[in-house]
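There is one chain below, alone, in structure tokens, taken in the form predicted on its own.
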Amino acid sequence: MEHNLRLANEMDVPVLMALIERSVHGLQAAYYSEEQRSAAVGTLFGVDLQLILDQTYYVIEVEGNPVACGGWSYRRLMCGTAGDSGKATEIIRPPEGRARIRAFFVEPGWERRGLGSQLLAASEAACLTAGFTEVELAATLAGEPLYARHGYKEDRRGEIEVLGVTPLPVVYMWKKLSQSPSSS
């Protein structure tokens, strides 16, 4: 089956939010409790409309159905949705900082088919085109192996407070980009 990668648009938001919720509850259950996942959906894990408006968020479709989404950002916000803080609109300019890899989610049943790698390659290529030489991210525990496989190095482990009460463990990672995205 052929995968179609394209930029997401505002009309995709409801379908992508449903995909994200299925992904979080289906693929992250081994890593996070029901309470953590439920608190994170729509806040920490959601569609950041700013990424869509910036044209830095992708969707992968198979036969017209979204099966994965994710992207990158040149804004300070590391994760979550644009309404979270002033960091949502603050711009990072190369070479002063690192671009952000953001919000990768895969439909349950479609994992381990290279979709995350495809999103990562497209995002890294776009970061290079924008002039960034380094990227960083806050990986979920479920996503950490994907990023490590593509050469991302652990900076530190931490927790993000969700709804001010539920700590969600994450791994902060970074990578120096080369001219061949997603290479180790």
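Throughout, we count residues from 1 along the sequence that is shown. Here the structure is a predicted model, which means the values were calculated and not measured.
Just so it is clear, the following notes concern the form predicted in complex with a small molecule, a form of the same protein that is not shown.
Task: Interface segment, criterion being heavy atoms within 4.5 Å of the small molecule in the predicted complex, picked from 116-124, 48-56, 33-41, 154-162 - done: Flagged stretch: 116-124.
- [ ] Determine whether any heavy atom of Arg112 comes within 4.5 Å of a heavy atom of the small molecule in the predicted complex, and answer yes or no.
- [x] Contact check for Arg112: yes, within 4.5 Å of the small molecule in the predicted complex.
Open item on the list: So in the predicted complex, is the small molecule close enough to Pro66 to count as touching (4.5 Å, heavy atoms)?
Closed with: Outside the cut-off, so no.
Open item on the list: Using a 4.5 angstroms cut-off on non-hydrogen atoms, would Ala142 count as touching the small molecule in the predicted complex?
Closed with: Because a heavy atom of Ala142 falls inside 4.5 Å of the small molecule in the predicted complex, the answer is yes.
- [ ] Could you confirm whether Ser23 comes within 4.5 Å of the small molecule in the predicted complex, counting heavy atoms only?
- [x] Ser23 belongs to the contact set for the small molecule.
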